[in-house]
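Single chain ahead, written as structure tokens, the form predicted alone.
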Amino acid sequence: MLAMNARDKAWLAELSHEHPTPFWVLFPRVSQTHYFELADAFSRVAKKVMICYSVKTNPHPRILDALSKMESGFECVSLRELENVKSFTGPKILNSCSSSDEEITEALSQNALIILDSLSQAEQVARFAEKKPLSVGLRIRLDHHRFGFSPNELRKTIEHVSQLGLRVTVLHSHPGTNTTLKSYRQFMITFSAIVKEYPFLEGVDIGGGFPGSVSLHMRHEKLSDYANVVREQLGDFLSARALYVESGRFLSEDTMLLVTRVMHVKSVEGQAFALLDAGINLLPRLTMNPYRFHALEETGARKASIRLAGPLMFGSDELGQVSAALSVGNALVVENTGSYCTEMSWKLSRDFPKIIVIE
């Protein structure tokens, strides 16, 4: 939601009195709307576009089911995720830097494209591959992190992998999460120069990294801007090849809201605080989500700028602030909690909140 109106706030306030807080509200169809947007933006970039939802972003069954109905594929990093999407028929990708034998076996049983991160992983896959040559992908490292192969070792790696009975058909790289358009353009310039050196490739995997709709709006950017960068750099090359897009945040970030409640109010050296029943245990900063706070009820004496803090006895358990007339018992809603929040939440001292699904 780019703008929450009075009607939205009214029914959420009613919901807050029907269920104990905190709780999440999930809207699976929002992910389908964003899938349409993603498919439309990239539809003219390549001969074939395969959108594979990054399951780790939010593996709730209703999101997976909703996206499967859109013929989405799925990018997985673990055995649990592979098992979660086993019943779906869309394309699968296993993109793990430290895969177990069970994960490789399950990925092969689902005909998943396995992205190799190391030569030892290539040897592992070769042991289980009954179909030879088996098509695989290679992850390319474009900066100084530990993942993937450096460009200068790529030709030697492809030869080594081929000797194992594996056929490299896809090159993969990832720009990082929540990438700005400027950074994304530089990533694509570098990656496309590498990809074009290998005309035998059947596909290119550009990962994800796209911001959610709220971040795009705040930056005055559009998803089509990112698709245009890909077309500018790889359009001719992709005219006869497949493009894999591993999107997570863009598809799921605003599929969920968190409803929380003011438990206490206090003043600390002249600054008003509202202490909530949800904090960084449910809204971790590592998600890089643009959390937005709205008061659903205001029964305080006067409107003021109030800092919001959670129930944990940590100095870092501060969430943001809101301008509202808050008092004890008032409910608030937090937007854009659909990416990573449920997977990265702490269960320290508190139970995991209920998720209410709105179809």
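Numbers for residues come from their place in the sequence shown, where the first is 1. Quick caveat, the model's predicted, so the values are computed rather than measured.
There is another form of this protein, the form predicted together with a small molecule, and it is not shown here; the text below is about that form.
Based on heavy atom distances of at most 4.5 Å to the small molecule in the predicted bound form, which listed stretch, 169-177, 262-270, 217-225, 128-136, is the contact stretch? Partner-contacting stretch among the options: 169-177.
Asp254, heavy atom within 4.5 angstroms of the small molecule in the predicted bound form: No.
Residue-level question: is Trp24 within 4.5 Å of the small molecule in the predicted bound form, judged on heavy atoms? No.
Any of the heavy atoms of Lys56 lying within 4.5 Å of the small molecule in the predicted bound form? Taking the distances in the predicted bound form, the answer for Lys56 is yes, it comes within 4.5 Å of the small molecule.
Any of the heavy atoms of Ser247 lying within 4.5 Å of the small molecule in the predicted bound form? Judged by the heavy-atom cut-off of 4.5 Å, Ser247 is in contact with the small molecule in the predicted bound form.
Each of Glu75, Asn95 and Gly208 within 4.5 Å of the small molecule in the predicted bound form, by any heavy atom, yes or no? Yes, because Glu75, Asn95 and Gly208 each have a heavy atom that approaches the small molecule to within 4.5 Å in the predicted bound form.
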